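Just one chain is shown here, as structure tokens, and it is the form predicted alone.
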């Protein structure tokens, strides 16, 4: 029988953290002139009381330790529970969304997906706009901690390759105690957020807009304070946001080493260079295709194409142009970008560059061994040997990922979405990209008009993609619940 007390204790802790964050938007509006501030304070009080009561009722008598069963359960229950309470302000504050819409918006924020059902953002309550950005930011740091602490220990999707074994100083990976590393990661995450906010402000944004976009850019969340996204602001803002998206999608362990003032020259994380090569390759291909099809090769065209490519590959979802007008080939490319993702250990969604590297290396080894059956060809990553269990885990992840995408796309089509929206919507939700292809959910669309049942399906798929699939699916395995 699983002991649920440690799981409930940590769930209560998450609610307390959420309650503190929930009180912040009340400062964005005068309570005397708007009911939104009072609503946020009320929701924060409820979350705080329930969270603190849960923690007190399940307070461990000794040092907290989690089994693998408890960890899997905590990962999923924590996401669902915080999503439920995060939805309350959307339900009761000025948008007064239906519960399914409030749930969709909250889950989209916490998973850093960035898909929204809200309209008229330019005239919306500052409290709601700030809450959306805070959800992106909290979701981003939460996922980084999840990826570098919990999932590697559970050997999810090959992530055990980033677990420290005493040799990580040379490889450029995280080392030391979890608490110490967590503090450094949090400091770095906050520092880059601050720098992004200052950059956006100096580039022309108002302080409030700069703060909100800094929260959602560094987390690769993509929530904006305008219906036009970053089209609403100038070129300088867009360049600052582009750099922030790349930083947010980069490997957290590499950033930790940089913050520790250690030399990283010569030992750059092996994901980063392929990640940048992939990003630049797609961007150059899109630029060449648009130029070949009659678009003038100008500085603006290059900038817009580069920004759009970066936004989609990093799974951020900011928009500076209506790319639905760029033609069919670009739609296919943008659809493929939803499956790429950023570096392992970042806030970005998608399959992740590391897994693509392992898949390519495994395919190359297989081809070579067909020619030379007795040749031994080990696969290395960051100076460490990639073992067979890691390769098997990566292959299993790819298989489950593609099957999950296909099944949910079929369900969405059955629920009334057109084929393009069903395919791109499933890919965008599972990859936490936030933008699909087509008029309905593309660069100029919104997720508000899709059927309610489809919103439940997409919300579930966002959670699946954010927690790397297996923690959710394993809960449906009967053997998981056995002693």
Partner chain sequence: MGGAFIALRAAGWSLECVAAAMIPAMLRDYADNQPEWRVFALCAILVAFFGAAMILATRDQGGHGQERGSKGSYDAELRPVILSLLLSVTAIIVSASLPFVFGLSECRPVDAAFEAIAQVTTTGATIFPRLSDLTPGLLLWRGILQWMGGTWALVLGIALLPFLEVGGMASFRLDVFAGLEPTRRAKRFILSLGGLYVTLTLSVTALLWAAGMTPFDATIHAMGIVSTGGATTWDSSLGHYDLGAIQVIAILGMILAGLPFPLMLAATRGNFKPLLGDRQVRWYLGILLIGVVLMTGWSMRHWGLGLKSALLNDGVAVVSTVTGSGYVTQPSLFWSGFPAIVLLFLSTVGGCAGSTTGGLKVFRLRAVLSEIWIQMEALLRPHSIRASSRENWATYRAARTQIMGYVFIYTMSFVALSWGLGALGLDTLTALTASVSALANADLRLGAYLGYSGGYGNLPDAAKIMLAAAMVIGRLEILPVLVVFTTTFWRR
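Keep in mind it's a predicted model, so treat the numbers as computed, not measured. Numbering follows the first chain given and starts at 1.
What comes next is about the form predicted in complex with the partner chain, which is not displayed.
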Against the partner chain in the model of the complex, would residue 366 count as a contact residue? Criterion: heavy atoms within 4.5 Å. yes
Does the partner chain come within 4.5 Å of any heavy atom of residue 288 in the model of the complex? no
Any of the heavy atoms of residue 298 lying within 4.5 Å of the partner chain in the model of the complex? no
Are any of the heavy atoms in residue 473 no more than 4.5 Å from a heavy atom of the partner chain in the model of the complex? yes
The partner chain in the model of the complex: contacting segment from 318 to 326, 385 to 393, 188 to 196, 213 to 221, heavy atom within 4.5 Å: 385 to 393
Looking in the model of the complex, is the partner chain within 4.5 angstroms of a heavy atom from every one of 406, 417 and 423? yes
Of the options 145, 76, 413, 237, which one has a non-hydrogen atom that comes within 4.5 Å of the partner chain in the model of the complex? 413
Selected contact from 85, 282, 272, 92, since only one has a non-hydrogen atom within 4.5 angstroms of the partner chain in the model of the complex: 282
In sequence order, which positions of 365 to 379 have a non-hydrogen atom within 4.5 Å of the partner chain in the model of the complex? 366, 367, 368, 370, 371, 372, 373, 375
